[in-house]
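To begin, one chain is listed below as structure tokens, in the form predicted alone.
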């Protein structure tokens, strides 16, 4: 009886795990990331246009490809629960602006580089999958870049980028948590600090 019960439990667990993985269309997620990187390389990095036009194109691509609301909630971590709706809106706005300004300029670092996609890796988070890629660095060792993609219905969004095992989202969350913990102004002080960085960028 116990043996049969154990077998039933194991089978149920395997079915649940399979169902969770089936929620994400891994091939479609990889295709989505491939299209995003292709657009970035062709329309921004290699485009013969002004930096102002590149910034506009990057902002459009950035806003359509990334789920900034989801990422913003993640990087604030436990502090998100204690914030007001106004604080959340202000944080997401300035976080979006800072990332657009920062990465729009850094995007040129990929000029002449190419992404090679090498499949996907399951994520422990429901509705998410990692799309694995490498970037050819010439004579140097290729750089590993993993894109964490979240699927909701038929829509796909990037919610994190992991470069050489370093998560940009987790790095930001640790930095912001430390800032809030050590600053009497809390989340408001963080928003002000990020706004100053936006103004200086």
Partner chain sequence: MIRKSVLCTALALVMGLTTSCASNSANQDQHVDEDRFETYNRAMFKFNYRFDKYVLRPVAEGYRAVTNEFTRERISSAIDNIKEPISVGNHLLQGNIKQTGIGIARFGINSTLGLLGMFDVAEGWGLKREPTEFDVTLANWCVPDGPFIMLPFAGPSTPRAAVGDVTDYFMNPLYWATYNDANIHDKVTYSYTGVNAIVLREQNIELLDELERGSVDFYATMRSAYLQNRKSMGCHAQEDKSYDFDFGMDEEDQAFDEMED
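Residue numbers count along the first chain shown, from 1. As the structure is a computational prediction, the values presented were derived from the model and not from experiment.
Keep in mind the form predicted in complex with the partner chain is missing from the figure; the text below concerns it.
(request) Report whether the minimum heavy atom distance between residue 188 and the partner chain in the model of the complex is within 4.5 Å. (result) So residue 188 does not count as contacting the partner chain.
(message) in the model of the complex, is there a heavy atom of the partner chain that lies within 4.5 Å of any heavy atom of residue 61, even though the partner is absent here?
(response) Residue-level check for residue 61: no, no contact with the partner chain.
(message) At 4.5 Å between heavy atoms, is residue 141 in contact with the partner chain in the model of the complex?
(response) Yes, contact at 4.5 Å.
(message) So, residue 98 and the partner chain: in the model of the complex, are they within 4.5 Å at any heavy atom pair?
(response) Answer yes; at least one heavy atom of residue 98 falls within 4.5 Å of the partner chain in the model of the complex.
(message) Which residue, 26, 135, 169, 68, is the contact with the partner chain in the model of the complex, using a 4.5 Å heavy atom cutoff?
(response) Filtering the options by heavy-atom distance leaves 169.
(request) Spell it out for me: taking the partner chain in the model of the complex, does every residue among 102, 146 and 176 have a heavy atom no farther than 4.5 Å from it? (result) Affirmative, all three are within 4.5 Å.
(request) Let me know which residues along 144 to 168 have a heavy atom within 4.5 Å of the partner chain in the model of the complex, or say none if there are none. (result) Heavy-atom contacts within 4.5 Å come from 146, 148, 159, 160, 162, 164, 165, 166, 167.
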